[in-house]
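So this first bit is one chain, no partners, the form predicted on its own, shown in structure tokens.
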Amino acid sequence: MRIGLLGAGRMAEALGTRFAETGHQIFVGARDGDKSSRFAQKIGESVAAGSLREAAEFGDILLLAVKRNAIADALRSSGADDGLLVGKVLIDCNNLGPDPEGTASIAEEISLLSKGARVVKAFNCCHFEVWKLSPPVFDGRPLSVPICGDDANAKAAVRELVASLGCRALDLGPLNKARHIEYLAAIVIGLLFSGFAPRTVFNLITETEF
């Protein structure tokens, strides 16, 4: 898959490195060209780098991984207002923090700001250290990755991406379920803030195949 990373932080690095290791084509986009180049070199030899817009143009799947207060600006810089994101699979891995308020999810906000993009919530329930594991396995079980979105084909692409990391995607339904996933992440973040180890996760134990 062709994946554009919109952002050059620790989450983008952890997931981008794993994506590159599993054979996906990666393009790093950041505001600072020098930063994106240095970042790409850390991820892998064949990883390209440039602006946010170039990363958005490159990727069939885009991973938005920036600070929450930078989301709107990053989407504008990626071409959201120009229709560049129409039809793109846009993965939101961002979180509200340990004590979220209100009912609107970040994923739904992103969907409004990037009209035409096929937004899927995924990869947000773990600390970035978890995504450095190859593969993420706990008590002998692959990590379950909750996802949600309104486009079936976009979710199928994200399920394939999750599987390529050795994990199992757990489809929770439409994008309005993102608030539940973000609140689950808030519990994990609260535990981390209270001193739990970075590789603390919630994993699903079930006899049902999914």
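Position 1 is the first residue in the sequence shown; the rest follow in order. On a predicted model such as this, the values are computed, not experimentally measured, just so you know.
Keep in mind the form predicted together with a small molecule is missing from the figure; the text below concerns it.
Colleague: Quick check on Asn94: any heavy atom within 4.5 Å of the small molecule in the predicted complex?
Modeller: Close contact exists here: in the predicted complex, Asn94 approaches the small molecule to within 4.5 Å, heavy atoms only.
Colleague: Check whether Asn124 has any heavy atom within 4.5 Å of a heavy atom of the small molecule in the predicted complex, and answer yes or no.
Modeller: Yes, contact at 4.5 Å.
Colleague: Whether Asp82 contacts the small molecule in the predicted complex should be assessed with a 4.5 Å heavy atom distance threshold; does it?
Modeller: It does not: once the small molecule is placed as it appears in the predicted complex, Asp82 has no heavy atom within 4.5 Å of it.
Colleague: Even though the small molecule is not shown here, does Leu5 get within 4.5 Å of it in the predicted complex, heavy atoms only?
Modeller: Because no heavy atom of Leu5 falls inside 4.5 Å of the small molecule in the predicted complex, the answer is no.
Colleague: State yes only if every one of Arg10, Lys67 and Asp73 has a non-hydrogen atom within 4.5 Å of the small molecule in the predicted complex; otherwise state no.
Modeller: Heavy-atom distance to the small molecule in the predicted complex: all three under 4.5 Å.
Colleague: Name the stretch: of 43-51, 162-170, 27-35, 138-146, exactly one has residues whose heavy atoms fall within 4.5 Å of the small molecule in the predicted complex.
Modeller: Stretch 27-35 is the one.
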